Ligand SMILES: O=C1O[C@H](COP(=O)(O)O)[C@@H](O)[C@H](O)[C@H]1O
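There is one chain below, alone, in structure tokens, taken in the form predicted alone.
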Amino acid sequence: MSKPVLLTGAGGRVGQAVLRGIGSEYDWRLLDREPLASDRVPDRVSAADRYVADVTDFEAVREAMEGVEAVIHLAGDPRTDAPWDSVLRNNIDGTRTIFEAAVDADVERVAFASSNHAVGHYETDERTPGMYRSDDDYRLDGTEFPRPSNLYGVSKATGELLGRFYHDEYGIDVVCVRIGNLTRSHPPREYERGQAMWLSHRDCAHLFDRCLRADYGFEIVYGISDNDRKYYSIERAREVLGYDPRDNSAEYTFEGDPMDGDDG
């Protein structure tokens, strides 16, 4: 990209996975509500390109967005038990602020971090735990209607709808990534559901790299690694974005240890 990329929520788990993986590939603007420690910022990012602001502050967000080509929007309250006032302010109003600022700044695309919790109530008593296993062929593919499992999931489903509106109304390219269970060096330990929706750090960075590089209009895709046991399809991410994940939770034991005994 010839212009910078704005990353909101840069200090969070997903933001740090992105920066560790592709931090050297782009010119970044980083926005977080707290100052970022120097070891959490790529070397090329100057102090002038680090913004400390609330994502609901339109003027601050608009300033950070001046001259950027794309936005990766991760900021918000990540708690699955977050109260409604926080969900409404940080996740829904904050996401609308991002899109409004993007329209005002003529930003071409926004990659929005949605969540598996936007569809959590598809995991019914009748389907689980079988749907978490490799011999079950049940798949969610992004075309299904949201069925949130908590108010956090409601906020992420609302963010997807905001993305749909701003794409249709203003022509911004929008991809919503329903992120699974992100962990760094191994799948979630002794957690069948988490292993079925595992997203490794390097696959996470690669996926958002593809969100910045690929051609699309409006998309909803699932953000998981290429796990043998999965109930989220990654075919749309492969087809539209060119996503080519390298990791698979089946290469680890249930306790999270590599099958070949190599921790590297």
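The shown structure was predicted, so the numbers you read here are calculated from the model rather than taken from an experiment. Throughout, we count residues from 1 along the sequence that is shown.
This protein has a second form, the form predicted together with this ligand, left out of what is shown; the following refers to that one.
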Triplet S185, S249 and T253 all within 4.5 Å of this ligand in the predicted complex via a heavy atom = no
Partner proximity in the predicted complex: R193 to this ligand, non-hydrogen atom cutoff 4.5 Å = yes
Does at least one non-hydrogen atom of T80 fall within 4.5 angstroms of this ligand in the predicted complex?
-> yes
Quick one: does H167 come within 4.5 Å of this ligand in the predicted complex, counting heavy atoms only?
-> no
Even though this ligand is not shown here, does C211 get within 4.5 Å of it in the predicted complex, heavy atoms only?
-> no
M197, A64, V221, L207: which sits within 4.5 Å of this ligand in the predicted complex by any heavy atom?
-> M197
In contact with this ligand in the predicted complex (heavy atoms, 4.5 Å), from 72-80, 159-167, 102-110, 128-136, is stretch 72-80
Can you tell me which residues in 115-132 come within 4.5 angstroms of this ligand in the predicted complex, by heavy atoms?
-> S115, N116, H117
